[in-house]
Structures are given as C-alpha cells and as structure tokens.
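First structure 1, then structure 2: two forms of the same chain, each alone, as structure tokens.
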Structure 1
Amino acid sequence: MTNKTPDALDLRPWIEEVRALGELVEVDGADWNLELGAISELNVKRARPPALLFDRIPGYADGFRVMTCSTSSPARLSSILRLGHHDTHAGLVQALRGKPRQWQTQAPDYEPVDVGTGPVFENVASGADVDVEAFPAPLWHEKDGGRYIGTGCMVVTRDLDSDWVNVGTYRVMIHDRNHVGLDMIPGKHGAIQYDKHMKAGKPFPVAIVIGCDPLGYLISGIEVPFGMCELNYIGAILQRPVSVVKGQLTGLPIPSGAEIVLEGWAHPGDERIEGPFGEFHGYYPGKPATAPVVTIERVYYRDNPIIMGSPPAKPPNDYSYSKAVMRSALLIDALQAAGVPDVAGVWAHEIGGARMFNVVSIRQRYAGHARQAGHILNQCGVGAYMSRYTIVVDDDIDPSNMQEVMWAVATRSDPELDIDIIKRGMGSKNDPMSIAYPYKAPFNSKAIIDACRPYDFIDEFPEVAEASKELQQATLAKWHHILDK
C-alpha cells in the first residue's frame, strides 16, 4: 500500500469544490417539516439539478444544516468517484467501466488508519445530554412514519465472531431523543450481523454516520463482497486509506471528518414500529412494521454540523442518477465478459430505479445478436434482480434518451415478433406489483424487446429522416447562441 496521507472523508472540501463548479445552491429558511423534502424532490426533476445546502431551518440554530441532491449530476458524481470531470452520462459511464473490479481487487491494500482524534469529536454528548432531535432531521414526505435522520448515511457495525466491520446505508427513523429505528432488509450484511448478535443474546454495536464526503454513503449503498469492509473499498477509490477514529463506546471505526455520529447498541428484543418510508421505485410497498431499535448513548458532532440527506421517492429521486450510472457501467462490463460484441452503450433508467427498465444499444453484427444482448443483459448477475423490461436498440439510438428509445420501439419492433417473455424470473417482495402475482416466492416475468432494425432486412430498412450527427454538431457549434437558449 502507498504511504499517502489518510483521507478523513470530510464533506466540507467537497462542498467548496462543488461551489466552484457552480453546482451548489444554498437555501435559507426552508422548514424541516415537509418543505425541505418537497424542495429537494422538485429540484431533482430539473434538467441539471444543483446540490442543495439548507440553513437557517426554523426551530434550529443557524449552522445546523442539511444537504441534498449531492449525486444528481455527471459533474458532481464524477467528482465524488474521483474520475476527473465529466459532463455527460455516456462519458461518466465510460470512465467508470472496469473500475469496480479494480477497486474490489485493491481494497485489501487499503486498511483504514486510526488517527486517534478528528473534527468529529469537536462536540460530544452522552447520557442525559444525548438528544437526536437537536438536529433538523426532515419529515421528507407526507405519508412517512416519522422523521428520518438517516438517509444518506453510513451504518457501521461489527460481526459477532470475526473482526469484519460492515458499513451499510440503512434508513434511520427517530423515535425519541435517544432512540432510533434501524431498518435493514433481511439478507443484507448488517442484518446478518444483527441476527448473529440477537441469537447469542448480545447487544449489537452500531455507529451511524449522518454526514461525510458523499463517497461514503454512495459506496456503503452498493453490493460490496461479503466479508469486505466498505472503508477499504473507499480507500481503493481514493488511492489512500480512510482516516478513522474509534467510537468511545463500541470501538467501531468512524471517519474522522464525519459531521454527526450516533453511537449505541441494539439490544435483544428491543423493537418498535418503524415506517412507512418510500422505496427507490417510488412507492410505499409495505405497511409499518417492527424494526430494531438502537439506544443512542453518545453523539459526536462538528461545529455547524451537516446532515447528508438522500431520500428515496418517485424517480428521479435524490440518488437515482448515481445508481443509474454505476449500474450502467456494471452492465456493460457484464455484457463484455459474456462475449457480446459491439456494445455501444447501456443505460439503467432512473424511472425503473436503475433495475426495472434497462436499454442496450449495439452495432448489429450477425443474426441473433440483438436477442443475445437483450437476454444476457436481463439475466446476468448484475441485471437479473427485479429486471422487468430490457430494450435493445441500434447504435444510432442514445440508450439514455427515452424519446429516442421509445421511437425505436414504436418504429422498429413488432409486438408479435420482437417481444420475448421470461416467466418466473428473479423478483422481489419489494416489487409494488408483487401484490398481484400468484407466486409464493418472489418471482416476476420479464420482457425483452428487440427494437433494432430487423437484421434480415437491415439493408432495406428505410433511412432516418434526420440531420446527420456531423451536421448536428457543426450546426450547434455555429448557432449555439440560438440553440443553447
């Protein structure tokens, strides 16, 4: 490993970088009660949504802030992932290709470094002074079950019978001043660790990082291999180790530059009703249910702390763009690994939560090429879970442009000839359509739509009535003062 200075995952230098890019808007006076969430939701639906930094939130001290929409543009996401500057979807996906495999391989070389102290310890509250409600956690949506302080968060936990530290992005709802609900989907690494502790009758150590460099929650929200610590994976991206301090109660590693950390224990049998809260596909798929309660015994926070917010909602939502980019790159790599040639691009559309509506563009080389690409994209390891619609288009179609994609579907496909159905594919109980399925297990059917020019008539297919790409670029360059308005 290199001897580079450890990185504290400090949010504030990144905010200044985003400010310099012209991609930050500061908002004063928005109420934590629904208003802050609604502003963020409407903002992310804009063509180029900026990051938002909320201050002077009614009922809270000035300087107690909330940040949202951190990952919602190519420029910000490429900055977070340390990929240089990219302004386009395609450029960012291309820059990301192969990187996850590289980061995973290098992760063991980047053990976090304990530096003893850091800005996160500027303020420490314990015992009767613990008050989670002192921070302006939003009520994000009207039908939420409570105020969620943990959305763009990192939940640090430890395995019972090994030294494996896991960092996951799990939602955290406030119950009262020193209790929060922690929702972990069964099978997720944090839930596996929790179950071990509960079966042994032992309290489960938890440290919840409420704000830091957005790379933290971005990586803790993806699939990192079982037994690997996300802090190592983040170190591989940074090409230097993460600087951590140990929680004073649990000894869990937390980024030394974190904004707010809640530390405590989930005790056996301590569960309360949690939720509902929206999911990535834009629905409330389940009713309120019991979830583990974490008793917060210590709170660490910086002066003028910042909550990192990233609430799910109907797409596009706060983090759907980042999921679309990262999954698109993984899908291209999967197609290449499977031997599919001449893949021009892939886009895992935000409208499907980067899972349920995926498009691949190819340069057709042989009969069956389009169906091969579609079925592999739909059923590969990265793509199978909750995949519903997979569309294959020619390389003159931008797979991220829904108007172009649906034009190809409308004009280059025949419903009888060009739609393949896979029955009883890999689904999820989290699927809003699962309520209508006849299955006991989490299946769903899947459609592969071949919206390419029919290969056996490819030379006879009508030409497109559109200016060539070269003419479009030349025209835009000359007439940008008219066309860019």
Structure 2
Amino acid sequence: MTNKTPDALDLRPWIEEVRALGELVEVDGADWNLELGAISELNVKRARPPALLFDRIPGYADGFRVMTCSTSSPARLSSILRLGHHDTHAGLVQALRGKPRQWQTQAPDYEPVDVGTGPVFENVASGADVDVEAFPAPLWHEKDGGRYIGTGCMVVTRDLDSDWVNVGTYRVMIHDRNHVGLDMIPGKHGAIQYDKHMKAGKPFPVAIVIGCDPLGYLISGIEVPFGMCELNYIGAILQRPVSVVKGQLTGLPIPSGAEIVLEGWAHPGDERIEGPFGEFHGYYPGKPATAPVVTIERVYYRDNPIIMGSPPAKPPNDYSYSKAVMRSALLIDALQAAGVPDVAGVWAHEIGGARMFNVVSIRQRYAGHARQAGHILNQCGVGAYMSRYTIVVDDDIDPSNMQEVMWAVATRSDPELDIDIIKRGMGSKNDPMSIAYPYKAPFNSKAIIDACRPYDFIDEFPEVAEASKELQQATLAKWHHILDK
C-alpha cells in the first residue's frame, strides 16, 4: 500500500474535475416532478452526454441539488476508476483489462479507516426532525410508483452472525418523511443479510448513502464476491483506504465525505407495497410487490447536499454505459480464469442491460474453442444471471460494434449448426419475457450463437471483400479532408 491517507469519497472535487474536462452542464429550475428525469433521459441518449447538476429545484432550498449521468462517458468513467484520462471507449477498455481481478486480490489490504467525524455530520436530524422529503428526490418517470431518493446510492448493511459489512446499490423509494422502501432482489447480498435478521426476529441495521464520489455506487452496483466488503474493493481501486465515520445508531461505516445518509432499521414484519420502477432492461416487469421498509431515525447531510441520481430506463440509460464497461471487464477476467485462451475482447451490450446480449471475440486456436468461449461466457458466475444471447466472433470483428457483430452472425453462422440452446438456465422474475414462460421458478433459456468462421473450413472460408487495414489508413491519411466531413 503506497498512500495511507484515507479517501472520504467526496463528490465535490470530482465535480470540479468534470467541469475542467468540459463535461459538466448545470441546470437551474428543472422540476423534480418528471422534468428532471426526462431531461436526464434525453441527455443520456445523446452521442457524448455530459454530466448534469440540477439546482434551484422548485419547492426546495437553493443548493439542494441532484446529479445525473455521472458515469456516461469514457473520460468520466476512467477518472472515476482512477485509470488516467481516456477519451475513447477503446482506450478505457484496454486500461481496464485485468484490473477487476487485481482489485479483488488487493481488497483485503484496504480495510476502511474510522476517522471519527467528517463533512457528512455537518447537519444531523433525529427524532421528529427526520424528514426524508426535505430533499428533492425526483419522480423520474410517469409510471413510477413513487419518488426514488435512492438510485445511484450505496446501501450499507451488516450480517447477523459475522462482521461482514455489505454495500449494494438497491433502489430506495420514499413512503413518507421517515420511512423508505428498499428493493433487494432475492439472492443479492443485502437480501441474504436481511433474511437472516428476519428469521431471527431481529431489526436489520441499514445506512443509505445517497450521494458521494460515483466510484461508490459504481462498485456497490457490481458483483463483488460474497463476504467481501465493497469499501475494501473501493480502497484497492483508490490504492488507499476509504475514510469512514460510524452511524450514531447502527455503527455502520459511512464514507466521511458522503452527501446525505439515511440511517435506521428494517423491522421484522414491516413491509409495504413498493414500485413499480423501471429495470435495467427498459421495462416495468411484474406487478408492484411488498418490499422491506426502513424506519429512518437519523439523517446526516452536508451543507448544500447533492443527491446522486442514476435511474434505470430503456437503454441507453443513466448507468448502461458504465455497466457495459464494468461487466465486460469482469467477463474477460472470468473467461481467463476458466482457462479460455486468446480472448481478444468481450462486450456486454447496453441494449441488453449489459446482461442479456453479450459478445466475445477470439482468435480461434482449436476445434471447439468458439463453443467453449460462448458457453463459459453464458454460464460463468458473473455471466449466468439473465444471460440470453451470447455470440462468439472471430478477432477481426469488434465485439462492441453491433454492425460488425450482426454481419458475422448473418454471414458466418448457420442456424442449424451454430445455435446451441441451454434450457432451464438462470433467469429472473424481472425478465419481461417471464410472462410467457411455462416454468414455475425463474428459469430462462439461452442461445449461444457461434458466428466464427467454421474451424474445419477456416483456410477455405471466403476472403472478406474490403480494403486492407493498410490501404484504409493510407487513404484516410491522404483524403481526410474528404472523409472526415
């Protein structure tokens, strides 16, 4: 460990960095009621969406702000991940290769450090002063079941019978001034800890971090191994420990530079209807259902606090780009760990919410290599949940370029020979297609499409009809005044 000074996960220096990059737009006067959400949604569908910082939100004190679109560009994402400056998608993906495995290995060395106090305690509300509705939580979309204060958030919880602290990104809906609903999908680590408490009839301690350095929710929103604390993993990325303070009520660790923290307990038997809210794949699946309620007993917040917003919607959405980048890196690591050689690249496409439509490109080495890569990508620990289409292409195809990928599918695969179906795979009750499934439990089926040139005919396969890379480069250099237009 080089730098031992703990990092408070302060959002504000990062905002200044983004401003210096020319990637911050400040928006004054947008309404929390649908307008802020619609602006953010339209913004993220642009070619190079800036980050948005909303202020002067009608009905709220000036300075009570909301940030969105924080992770939606290569430059911002590389700065969040402390990878140096990468302005291109390809540069970021290259810089990220091998990093998740390294961070995971180093995480145990970066135990968070309790610094006693910090900016998060600038304002403390307890008892009758607790009012979650004092913050401009948006109604993001017309069909949402309520106002979601927690989207780009970190939900900190503790295990019942061990010291394990988990941090997950789970959506948080406001019920009233001191109650929020928490939606944790079964099997998620927070849900496992919650279930244990409920079975033992004990209140479940919760601290919800509503805004901080976006590295916080970026890592809470990916699959960090069972039993590992995300704060350690974040420390490995920062190469220094996270600076935390202890929640006055629960003792849970909270980044000392956090913007807003809601602390309280989910009590046994206290569940209420939550949702609906869109999902990462772009639908409102299922019907509103009951979810745990957290009774908020303390609110900590900085002066002029900032809610970090990252709502789901039809992709591309607020976090689909960062999910695609992060999950692609995790999937490459998983393929390599499983012994698949010569993986040129992986891309978990935004259109499938970075889960349902994944592509791997390989340099084919032996008969069966392509199917091996496809099946493992589809079924590995990081990849199996809700995977649907997995496509394997040769290394002359850029897996992130949909035009090239579908050209390979159209021209290098034969449906009868090259599509494998896995039945009764790992699905989800949140799958929009589950409405048409015959299963009682959340299964789905999965297709692996081998769109590589057939290995047994690889030398005879027709040549690609296009200019060579050298001719293309020479032509671009000489004729850029025509071709750059």
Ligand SMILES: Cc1cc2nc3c(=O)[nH]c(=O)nc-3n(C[C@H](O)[C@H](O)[C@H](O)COP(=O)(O)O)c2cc1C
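Just so we're on the same page, residue numbers count up from 1 along structure 1's sequence. Computed from a predicted structure; not experimentally measured. Heads up, when I say rigid core I mean the largest set of C-alphas that superpose within 1.5 Å between the two forms.
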Subject >> Pair member which, unlike the other, is the form predicted together with this ligand >> reply: 2
**OP:** Examine residue 60 after superposing the rigid core and state whether its CA is displaced by 2 Å or more between structures 1 and 2.
**Re:** no
Subject >> residue 128 C-alpha relocation of at least 2 Å between structures 1 and 2, rigid core basis >> reply: no
Original post:
Which angle, in whole degrees, describes how far the smaller rigid part rotates between structures 1 and 2?
Top reply: 11
Original post:
Supposing the core is put in the same place in both forms, how far has the CA of residue 458 shifted between structures 1 and 2, in Å?
Top reply: 6.9
Subject >> Core-referenced Cα shift (Å), residue 427, between structures 1 and 2 >> reply: 2.8
